[in-house]
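Below, in structure tokens: the form predicted on its own, a single chain.
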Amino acid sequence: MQFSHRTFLTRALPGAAAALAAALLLSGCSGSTGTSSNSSPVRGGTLVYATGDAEPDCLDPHVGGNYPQALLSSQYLEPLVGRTSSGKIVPRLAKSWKVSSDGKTVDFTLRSGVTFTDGTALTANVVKANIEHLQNPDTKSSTGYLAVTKVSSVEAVSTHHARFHLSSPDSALLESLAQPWNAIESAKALTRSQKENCESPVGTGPFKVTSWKNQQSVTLVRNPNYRPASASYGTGVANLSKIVWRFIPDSSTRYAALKSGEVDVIDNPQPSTVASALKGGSITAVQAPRPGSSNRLELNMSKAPFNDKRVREAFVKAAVVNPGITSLFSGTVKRSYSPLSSVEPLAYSNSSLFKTSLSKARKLLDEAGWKTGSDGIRTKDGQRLTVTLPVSTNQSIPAEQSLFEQIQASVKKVGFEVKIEPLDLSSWYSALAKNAYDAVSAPYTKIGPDVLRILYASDGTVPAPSGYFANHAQIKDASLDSVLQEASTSLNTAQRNAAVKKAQQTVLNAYAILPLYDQQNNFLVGSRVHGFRIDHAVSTPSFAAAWVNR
């Protein structure tokens, strides 16, 4: 499914909890970027958004937890805290928080007077119900569930005072709680059947869900009682009367609809159209790098051929990536050499590991016992050197699929046979669950370096209640687990940072992944749209202050 970024600090507090408390107590104004106008906002009107991401199976991001859910739910749900473009954690539904000296208790003071669109009030008991909903196996959560595994319980101390009891210090707790997959929903609504809640989640955001036409669109209308935490999340009740959120899988069709004025904003455009819009004109390009992991190929270490490090290194040494990044993405992305997104301040890169060398790759395969066959594909013990690469056509844009084809061609020169299997999202998830892959691209969005624990700890091979597991490289390394645990629980900033670096070095040196480029959201915005912003938690669009000039 999916995940999110980090922030640390310097404040001197008594005891070893200083660093954790510092990370949790950061505050400030949430940054925003997007279109702007000197004109006065127009009240009313309908904005049409067209997404190329897969249509969610459920509009409640607690269930499962993928990025398409985050895009949509950011319009009608709010989390306890937010995040600025610089990484600071800021108030949203919680107005303040305090960490105990041992780092195992976090007290949240909630804003008063906040109501859900079903008329119920935000209280500590509502927060408690939401955490329990995320942790309930019947919810079948993945991203949200993995973010709150250290929360033992939530205590409603008073109406607006929620106390989180942790099994151990969690330096990433606030970063996790800023994510859309951990947003707060009406406790009353959560008592409904999952089907009903999936069709119309109830939140406190600027809009609310009124209808969902499967394979067509979701309609959102203005929440007349919306009260933003700060001007960064709107100046009051939204200007727009309605948002029609359309599902248009084909990128050319989405772009044509934008140019004709049929839709107002699109996501996932082709790189060439982004590059064109960045040069100026009536259509504005907004780029929003996502936190968490880089886009990368993960090599399945649990079985042949990639259970042999020499074969993994040979694949990486033979893969030609940079020319494709340059030609296919029109200068809109840069090559990555890190497990983490470049927006993560603790991202560690080592480009020397990824220098192409066909001679080195051939030597490694020779040493591993793979012999070149008559057709150029290597074999060993009667088995061909085949790499199965399932690709989600819902998540992988055409430029990326072409990049995979270029990698396929380059590694064939040393004897790899790469079978690219285009699949819809459901079939892709099924292939992962069946371990029917040797390499896979599965970007994961999570605020902060804690994403490394999700992706590379041994227990990440165990499925969450949703059935999804995140450790697709299937690394099982006790020493790496220890380092990731230190990064997750350390109350010393320097120690945590050192552990984060060491964890990345371990993953890279194992040739468990082939980093490609940063995850990046690209939006194209029509000329009639003003006030479009980015919510910097996980780079989703925000229409709380937007308006259309029709």
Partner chain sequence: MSRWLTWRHPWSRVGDLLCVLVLGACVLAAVWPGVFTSLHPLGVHPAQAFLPPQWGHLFGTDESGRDVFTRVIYGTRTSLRIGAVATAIGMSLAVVLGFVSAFAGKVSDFLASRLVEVLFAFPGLVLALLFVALAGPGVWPATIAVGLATAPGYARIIRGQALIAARSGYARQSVLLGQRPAARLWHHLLPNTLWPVLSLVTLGIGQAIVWAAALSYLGVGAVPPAPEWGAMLNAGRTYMDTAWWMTFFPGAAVVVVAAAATALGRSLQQRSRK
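Numbering follows the first chain given and starts at 1. Computed from a prediction, not measured in an experiment: that's the story for all the values here.
One more form of this protein, predicted in complex with the partner chain, exists but is not displayed; see below.
Three-residue candidate spot 324, 328 and 398; every residue lies within 4.5 angstroms of the partner chain in the predicted bound form by at least one non-hydrogen atom. Figure note: of the listed segments 287 to 295, 390 to 398, 177 to 185, 68 to 76, the one touching the partner chain in the predicted bound form, with heavy atoms no more than 4.5 Å away, is 390 to 398. The contact residue chosen from 105, 152, 406, 372 relative to the partner chain in the predicted bound form is 406, the criterion being a non-hydrogen atom within 4.5 angstroms.
Residue in contact with the partner chain in the predicted bound form (any heavy atom within 4.5 Å), chosen from 402, 356, 159, 350: 402. Shown alone here, residue 255 lies within 4.5 Å of the partner chain in the predicted bound form, counting heavy atoms only. Contact check for residue 345: no non-hydrogen atom falls within 4.5 Å of the partner chain in the predicted bound form.
In the predicted bound form, none of the heavy atoms of residue 368 sits within 4.5 Å of a heavy atom of the partner chain. Taking the partner from elsewhere, residue 250 is found to have a heavy atom lying within 4.5 Å of the partner chain in the predicted bound form.
Residues from 131 to 162 do not approach the partner chain in the predicted bound form: none has a non-hydrogen atom within 4.5 Å of it.
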